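So this first bit is one chain, no partners, the form predicted alone, shown in structure tokens.
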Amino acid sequence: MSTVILQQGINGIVFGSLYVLVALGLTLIYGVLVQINFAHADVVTLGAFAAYFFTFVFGGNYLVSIGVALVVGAALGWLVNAAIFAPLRERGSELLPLIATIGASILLQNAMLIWFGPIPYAFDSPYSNAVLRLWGGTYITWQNLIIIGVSTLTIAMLYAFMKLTYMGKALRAVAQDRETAGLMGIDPNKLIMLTFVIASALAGMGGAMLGPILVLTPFAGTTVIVKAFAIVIIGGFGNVEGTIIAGLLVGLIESYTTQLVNPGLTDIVVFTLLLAMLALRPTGLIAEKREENV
């Protein structure tokens, strides 16, 4: 029994790491703009397809394909901000960008359906079947090690960027008070653009690592983004630390529910936790404080 618990703990950390990468993008955008980007799911999907085609069509290395997906995601983030958020931001309505991103999501999904077709792609990473034996009869694939390692490094770098660099501190200032930050010589529009680029780059990376462990279709990101929204709410809207804790928690809950209870109940358990959190602690695990967001 202890072996099962340890093995599921490892699996939970793997999925939790991926959830955190995707959810952090939503958290950053909400923390700075108090807006939700529904097209974030499709950035995840396009990141996965970018990694797939780079690896299997162009014969590239899978590890390099994660970087390719990061670049594709960053470019999409720049495009979404330039085409949707920037033009609508000054019109004074928070509803317009929200509706626009829903339309952009539908557009991207149907475009991918036309380009890639409805048939699922088998995205087998070279590391998916390479198994590393651990203690007590547990094991982990090299693919999962890559996921944990890349996710941990990326999250640590993002945290250091936000807390220690001038640009990170400027971004936090924009999140706290955009007008005052502008008066202090900070260009809010450039920082908002940077937020979208970073958030979408994280989503693209997440897609590249998610592809080999899920079925790759034009709607692959949708299944993950629903969990990401739940994680952002559970962790506390706009709070980076809360998102990291909630993402790992959801990954572990899913893993243990699948093994010890019933695989069909994983979503029910996660969203029951979400409802309980909304009822008992609507501010999330870490209460939102605008001056401490992102």
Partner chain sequence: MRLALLLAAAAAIAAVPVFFEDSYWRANLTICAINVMLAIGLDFILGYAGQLNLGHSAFYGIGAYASTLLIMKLDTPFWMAFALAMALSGVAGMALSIFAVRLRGHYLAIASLGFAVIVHQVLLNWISVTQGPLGIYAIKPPPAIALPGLPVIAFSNPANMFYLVAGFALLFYLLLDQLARSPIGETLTAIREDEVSAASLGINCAAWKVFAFGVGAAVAGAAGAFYASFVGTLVPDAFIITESFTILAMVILGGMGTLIGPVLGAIVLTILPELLRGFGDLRLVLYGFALMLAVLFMPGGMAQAARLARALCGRVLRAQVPG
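Bear in mind that the values here come from a model prediction, so they are computed numbers and not experimental data. Numbering follows the first chain given and starts at 1.
Just so it is clear, the following notes concern the form predicted in complex with its partner chain, a form of the same protein that is not shown.
Contact with its partner chain in the predicted complex, defined as a heavy atom within 4.5 Å, is made by all three of Leu98, Leu113 and Val226. Partner contacts here mean any heavy atom within 4.5 Å of its partner chain in the predicted complex, and among 66-74, 49-57, 245-253, 229-237 they occur only in 229-237. A single residue from the set Met157, Leu134, Leu164, Ile102 has any heavy atom within 4.5 angstroms of its partner chain in the predicted complex; that residue is Ile102. At least one heavy atom of Ile84 is located within 4.5 Å of its partner chain in the predicted complex. Contact check for Val197: every heavy atom lies farther than 4.5 Å from its partner chain in the predicted complex.
In the predicted complex, its partner chain sits within 4.5 Å of a heavy atom of Tyr30. None of the heavy atoms of Leu153 is located within 4.5 Å of its partner chain in the predicted complex. Residues of 257-276 lying near its partner chain in the predicted complex, listed in sequence order, are Gly264, Leu265, Asp267, Ile268, Phe271, Thr272, Leu274, Leu275, the criterion being any heavy atom within 4.5 Å.
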